[in-house]
Structures are given as C-alpha cells and as structure tokens.
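Next up is one chain by itself, shown in structure tokens, the form predicted on its own.
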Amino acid sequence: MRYAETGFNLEVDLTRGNIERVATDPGDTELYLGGLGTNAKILWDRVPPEVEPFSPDNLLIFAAGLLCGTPATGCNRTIVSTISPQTRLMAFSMMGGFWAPELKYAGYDKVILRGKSPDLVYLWINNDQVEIRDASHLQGKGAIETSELIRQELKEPKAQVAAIGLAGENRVYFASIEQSKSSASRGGIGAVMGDKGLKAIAVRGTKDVNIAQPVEFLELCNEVLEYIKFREENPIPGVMPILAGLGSPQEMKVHDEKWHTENFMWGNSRVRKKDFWNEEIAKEWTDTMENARRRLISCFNCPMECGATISLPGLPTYMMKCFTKLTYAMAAMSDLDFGLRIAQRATEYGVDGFSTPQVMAFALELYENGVLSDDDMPGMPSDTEGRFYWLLDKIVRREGIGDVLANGTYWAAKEIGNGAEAYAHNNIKKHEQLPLKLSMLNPIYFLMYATGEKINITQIEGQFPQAPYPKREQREEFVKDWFQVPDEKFKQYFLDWELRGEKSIPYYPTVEMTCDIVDWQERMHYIDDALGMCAGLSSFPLKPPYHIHNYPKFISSGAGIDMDEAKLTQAAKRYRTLVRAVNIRRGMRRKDDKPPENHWKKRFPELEKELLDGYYKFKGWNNDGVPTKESLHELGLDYVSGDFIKRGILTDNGGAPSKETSAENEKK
C-alpha cells in the first residue's frame, strides 16, 4: 500500500486524445519526495533540451505535493512544471486553493500533459472516469468565468477547476493558470497550457488518502495547530506587520502600506513616488480596502486567511492575495481603487500580477522617451489609467504593439530595438520582477536572486531575518525561542549582525555565513515545493510551525518513508541539483546568475564574485555554475554527469570545457 501519495499519475496525450492511468515507482518518491522533485525527474527524463516551449513534446505537469490531501495543516499546493516560453528554462509555479487535494482524492498524484489538441478542450477528472471534453464554447472566456461555467455544465458545484483566460489562449509569455483561491503565475505556464489547446482541468474526487501512522501523524498536526495559535497571539516584534505573523504576506488584512510605498520603486522600477504616503492617503487606502473586501478566505485545511474576495461596484467578485494589491497601483502611480479594479480584469484574462504591470509601465516609458511613437500606439488614451487598461487589452489579444509586449520586457526590447533594451532593466533570467530597487547590496539576497532557479517573492525570502535588529538586546530576545534553526551557529550569525560597523551589510554576514544562510532558506523552499506545503507556514516567515526538525517526522509517519534530517537534506539537495541540471542542459551558466544591474544602488563587484565563487564551491558546482561529476555522484545523479559529459558540458575527467554557453543564445 502507498501512503500519502496515491501511486498513480494520469498521462494525457492531447494530440491523440489518449488517457492512461500509470503506476509510479515508490523508489522515485524516496529519492525525490514528490511534487517539484519528481516533476524535475520527469522533465529530465522526457524533455530533451532541444524541445521548444511550444513544442508538442514539451510536458505540462500538474502535481499534488507528497503530503497534499493529508491532515497536515496548510498542505495544499499544486506544483505546475514545464519549459517556460519566457525564460526557456524550467518553470515551476505553485498555487494554493483546493485543486491539489481534490486530485489526490480522485486517485492521482500528477496530471502529465503532452501533445497539442487540434481543438480547444478541457479535461474532466471524476475519480476513475476521465474524459477530454469540447471547450469551443469557452473560447475567449475569462479564467474564473470558465471555472463557473464548467461547474454548471458538469452539474458538479464541488469540482475544482484550474483554467486559463484569453492570455493563455493567445500564448502571452506571462499568462497564468487561475484556480478560484489562487493562481500559478510565474514563467508563462498558462501560455504552454494554451498552446496545448487546453482551456481547463476540472477535478472531483471522493477517495481516501492513506496515512502510514495515523496517530503519530495527527499528533504532529495538533502540535502545528497549537504553535500557529501561539504565533498568532505573539507576533514577531520589530518587523513590518505583514511579516510579523504567519501565512503568505498578509496584504489583505494589513492596510498600512507606508513601508512598501516608501521603500519600493514605482512604475518600471526606476523612480519612487516621493512623499506619497500620508495620513490622508492612509485613510483613503483603508477605506477602499474595507469597502472592497467582502471576506477573508483560506486555502484547503488552513486556518490562515491570506486571501480575500474583492467586490467593486460594477465588477464581478474575484479573489486577491499577496502583492498584486500594490503592483498595478504602483506601476501606474495611481491609487488602490484603480489597482483593485484593473486586477479584476487581469485575473479574468489570466496574467501574472508581478510581470504584467511592469510590462505596461515599460511600454509607457518607451513611449514617453520617444522609443515608441504615436504610430505604435494608435488610439491609446491620454490618461495613465486609461492607458494601462488599453495596453492590458492589447497585450492579452496580441494586437498591434501588444503582440510584441506579450513576450515580456526582455524579448520585447530586443524586437523593438532603437535603445529599448536600456529600459528592460529589471529582469532576472529574462523574468520581470516586483518593482523594487534597494540601496546597499545585501549578500544573502544577492545569492538568492542570482542563483535561484525560480524567482518569486516567496522563493527569495526565508526564515533568517532580512535585516539586523538595531540593538543586541533585541537580537538576544529574538534567538531565545528560535528553535527552527538547523544549527545553533545561525543564532550567533544573527546576534553578531549589526546595522553599522564591521559586522554590517555588505561585508557581514561573511561569504561563508551567507552560503550557510542561503542554503538553509533554499532547502526549506525546495522541501515545501515537494511536499506541497504553503511557504507561508514554512519557508517564508520567521519562526514557522514547519521546519527541518519536524518535517522528517511528518514524512515518516505520513508517507511511511524512513526519514531523518540528514536524509531529508540530501533529498532536497538532490532534486534541487536536478532542477539546476535541467537548466544547465538548456544553456544556463554563470553569466545568467546575476540580479538586475541596478537592483541595488551600491554594488560591490569583487564581493559579488567572492559570493558566487563561494556558493558554487559550497554547492559542489564548478566555476561556471555546473554541478561537478563528484557532487552528482554523491547525490546518486550519475545519469546527469553521464549526459553532461556526452554533451560536452563536463569533460571525461569531470572538469568544465573551456567554452561557456548561455541561455541567452537559446532564441535566435
């Protein structure tokens, strides 16, 4: 008997209309855990680097994390993986809500899609009955509207539906997959879904998920719930309100945006709207949010209320969470009412709430600086808010200049030319980011940004504080109950970290300490993404209920896999390295491991080189960022080194060839 997982994947060939229920290898679960880990193994095995993102041979994988569907609080993430049209590297995006547990209850751990349907279709999974259904009547419909129409058509109000909007149908490079309470947005995975002719996947399940040791597992779950209650009553002092508690950033509960509006750059991340926040604005934003917010909502089996239903006069109700609340308002340098209104339309279109506002601000910056002219923007309104609505419509429909902008700022700038590339300045691995620019380089976040395979706000922040506390007494108080650290040395790192002097940013934490901290933060993110755990209860906030000490117990008692901290650390390192290997095989190298050039006002090239050198050595990678033959062998990834040697990425003696390549050269 399989525990926690079902032991079956659903394989769907959209070209042939073929559907198979395929048993999986429990040995892969032990090595790669599930979720992101086994997704990476499937992509490595079945998608060669020659495969283009919009090829029928590219796979689109919807995976429920290993512990999804169990009583583990907050464990509800769907991990969607493919080759990204935006980065041309491996994309993996998580969405919360109820979809992943429902898939488990239907009897499947993953849905693996290949091929392309000649007509628009949707997939209906109802326990053992699975069918591909016509979706021609849903063409052009909004993502949330599509979900409701499918439920009505199936007469199944409890079906969980993941759908794309018009942006996905038109292969916009930053198209998302929307799913009632959440979305998978980064990397353009919605575009791949649209390219495959798949409008939605609806799922309904009524089966059980088996637990290996139910009593022990439920005891662990109760401990987590007790700790969540404790943390809610005892928020972390000295940090911004949205980070003081647990859950994804509490943007829906917290209205004070003084910190964000005064510290983040606006528009296309070049300038800040100075002196914006005041008492009048604070009251206006609070009133707007209170009037628009109908209720706070949670994902499956979670007491946190990180999202909210938003209802504005004249618009359908929709769900919002996290920083989308700010991204449109700040990009247009407008107010919250505008931000909430345009976000509703963008959600129906199905576009990423981080990239989309920056693409539109980028277009207006090009227009204002003469790179784009009136001939490029015929019929564009004169007011900023009107221009944002106009550009959004053009982009998702790929009409006129929108057809170019739909590829994101990196590729759009290359096509536009005429100096446009100087304005596409806020990209990491061709990926638009949150509109932020900071002052002094932070060594921890330099490495998190530069070496990360997935760039997202909840993927680059973690359990180590973002900045030192001003007074040592505050730091001493903080570390007293900091039991989540994997080693006591992390407490000392934080105790000695100061705002000024020799032990301050950028030369403290030291290179060695920074490698330790980044490895810990990254490890927790990758464990979450394999188990299906919300980062808001584990890898993202300070002092979370899930950590390296209790996770092995959850896996052992839940999945029946003998697990301890060392084994879990090694497993996370194994599939994290495999994700890296997929991208290395697709051309990524050291030259791609860098943050935006002007992310920090003050840069330290020598220190940055030391940080990369040190981190590569720490991870067992060579000087070009490629995992070495020795480190791959240690992780049981000899098949990777064999492939690298065959392709000339590594030499027979395990070294690196003299010639560097780059993902930059992937698209000619």
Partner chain sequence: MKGVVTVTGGNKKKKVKTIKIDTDKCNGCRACEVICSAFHAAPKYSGNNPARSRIRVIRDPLADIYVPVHAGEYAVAECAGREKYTIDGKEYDECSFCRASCPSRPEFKEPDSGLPLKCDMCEGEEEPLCVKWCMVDALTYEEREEEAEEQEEQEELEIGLESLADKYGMQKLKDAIARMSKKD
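Quick caveat: nothing in here was measured; it's all calculated off a predicted structure. Positions refer to the first chain, counted from 1.
Just so it is clear, the following notes concern the form predicted in complex with the partner chain, a form of the same protein that is not shown.
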Can you work out which of Asn442, Thr73, Asn170, Thr261 has a heavy atom no more than 4.5 Å from the partner chain in the model of the complex?
Thr73
Counting any non-hydrogen atom inside 4.5 Å, which residue from Ser298, Gln466, Asn291, Thr510 sits next to the partner chain in the model of the complex?
Ser298
Spell out, yes or no, whether the shortest heavy atom distance between Ala244 and the partner chain in the model of the complex is within 4.5 Å.
no
Just to confirm, Pro303 within 4.5 Å of the partner chain in the model of the complex by heavy atoms?
yes
Residue-level question: is Lys207 within 4.5 Å of the partner chain in the model of the complex, judged on heavy atoms?
yes
Going by a heavy atom distance of 4.5 Å, is Thr286 a contact of the partner chain in the model of the complex?
no
Picking from 578-586, 221-229, 368-376, 384-392, which part of the chain touches the partner chain in the model of the complex when contact means heavy atoms within 4.5 Å?
221-229
Honest question, do Gly69, Phe98 and Thr317 all end up within 4.5 Å of the partner chain in the model of the complex by heavy atom distance?
yes
What residues, if any, in 82-107 have a non-hydrogen atom within 4.5 angstroms of the partner chain in the model of the complex?
Phe98, Glu102, Tyr105
